[in-house]
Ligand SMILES: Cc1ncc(COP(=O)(O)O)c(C=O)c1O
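The form predicted on its own is given below as one chain in structure tokens.
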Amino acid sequence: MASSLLSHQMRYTVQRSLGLFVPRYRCVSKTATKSSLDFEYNGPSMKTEVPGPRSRQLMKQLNVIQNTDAIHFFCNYEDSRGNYLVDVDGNIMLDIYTQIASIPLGYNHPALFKVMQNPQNLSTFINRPALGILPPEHLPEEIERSLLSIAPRNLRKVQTMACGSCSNENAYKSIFIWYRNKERGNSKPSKKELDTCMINQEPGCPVYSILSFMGGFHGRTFGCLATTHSKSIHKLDIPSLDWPIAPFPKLKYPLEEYTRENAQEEARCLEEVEDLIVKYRKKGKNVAGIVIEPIQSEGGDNHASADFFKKLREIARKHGAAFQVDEVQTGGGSTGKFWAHEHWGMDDAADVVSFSKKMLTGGYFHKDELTPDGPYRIFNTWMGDPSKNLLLSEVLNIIKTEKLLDEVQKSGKALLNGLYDLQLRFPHIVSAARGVGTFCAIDAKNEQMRNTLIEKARSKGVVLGGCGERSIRFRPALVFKEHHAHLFLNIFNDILAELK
């Protein structure tokens, strides 16, 4: 993945090495052709502070019912359009966070309205079935048309779920079942196994583990939380499992200036992975699987090279562990390829790939051998939602017909080049711009400054999100165009200039 950043950062390196001064003009002086989304607003329009009076009133009302400490403001989704989110006080904001990276085509896309308005689809939206026991007639056809049409290479089985956390949770279960069946061979579970599993003891409940990485985020359910290591607030006071945690490479930017150091850092982390697998095997806690994000997202937009992932994949094979790639946030096209792991250039990149967010539904693709060997082993009431498959089919159609992955590469280049320019001009405020496609980030000098930048952007009509200790992450919709990038960069330039 890190190799994809080289060309984007070359201009930054040349400018810095030559000591070039950047003129004091707006970050981008010429905008690209406007998007074809005619129903969009022309730009941000702010009427009140954010949160405004109506939002604060609703926060007070909701706080009687549940905790509202994380709420930024209340939204008017009916009036939101494309890349623009409208709040209940009438403020129109350019949204580059898109509901934590989960909106593929922006707000209220006309094509999705047509899906909702089609009379033939009404029953699918009204009647939500228990898919594991009573699926609808057209489910196989719908899955083939939607999910299987974009299945990762060599993964032709897919299990739908409702969200990212339950996708990973059940993927872990599939890995454990597969691993135990390998050990058991052709034998069926013994009576002792059947009895002891009912009281949470061995051998029915084997002491296996999933290896994860510091900085990783895989969800907030119990098993997922054991593999999540991004922020303490997620894990505090929750009992957890003794599963191995490996270091994720901490690369230095720009990458081409630190080739040797970054290679050494990745080698150190890979060595630690092998050491942990051996250590836990000796403890009687075999590593059944390894889970990793192609880009650590919530943990700070941390990148690693394609070579790192290739070698990690080989380590999993060597030790008989399943290799799971968590594409909940990176999947769906925002890196310029549909799956971020495609940037690794591997024919057999994973045994399991989990997804959600921009995919509208949740689930995981997997190899044949990870198919559960009996009913109710991977199961819950809904196991996804067929109505989301209908919407996803249309999303995929729009991505293809409008060549949105090409657009992502163009707008991502504009966004990242603009961030490089800004960090040259304001190095005391921002640094370490990085990204692939529109999946970009930049660091502030500290957490307080990061939060200040996000708040000031919001007050000027731009919605941003934070991640890690001091990073700002950019997660626009796939309909984010070059002119949206230029619009944001001009606004962000003004904010940085005010703080200088």
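From a predicted model like this one, the values you see are computed outputs, not experimental measurements. Just count from 1 along the sequence shown to find any residue number.
What follows is about the form predicted together with the ligand, which we do not show.
**Student:** Could you check which residue among I378, I399, C163, I315 gets a heavy atom within 4.5 Å of the ligand in the predicted complex?
**Tutor:** Here the answer is residue option C163.
**Student:** Tell me, out of F217, Y107, F308, W339, which residue has a non-hydrogen atom within 4.5 angstroms of the ligand in the predicted complex.
**Tutor:** Selected residue: F217.
**Student:** In the predicted complex, which of the stretches 247-255, 205-213, 164-172, 137-145 has residues with heavy atoms within 4.5 Å of the ligand?
**Tutor:** Single hit among the candidates: 164-172.
**Student:** Taking the ligand as it sits in the predicted complex, is Q329 in contact with it (heavy atom to heavy atom, 4.5 Å or less)?
**Tutor:** Residue-level check for Q329: yes, a contact with the ligand.
**Student:** In the predicted complex, is there a heavy atom of the ligand that lies within 4.5 Å of any heavy atom of K357, even though the partner is absent here?
**Tutor:** Result yes; K357 sits at the interface with the ligand in the predicted complex.
**Student:** Given that the ligand is not shown alongside this chain, does D87 nevertheless sit within 4.5 Å of it in the predicted complex, heavy atom to heavy atom?
**Tutor:** The answer is no: D87 has no heavy atom within 4.5 Å of the ligand.
**Student:** At the 4.5 Å heavy atom threshold, is E293 in contact with the ligand in the predicted complex?
**Tutor:** Residue-level check for E293: yes, a contact with the ligand.
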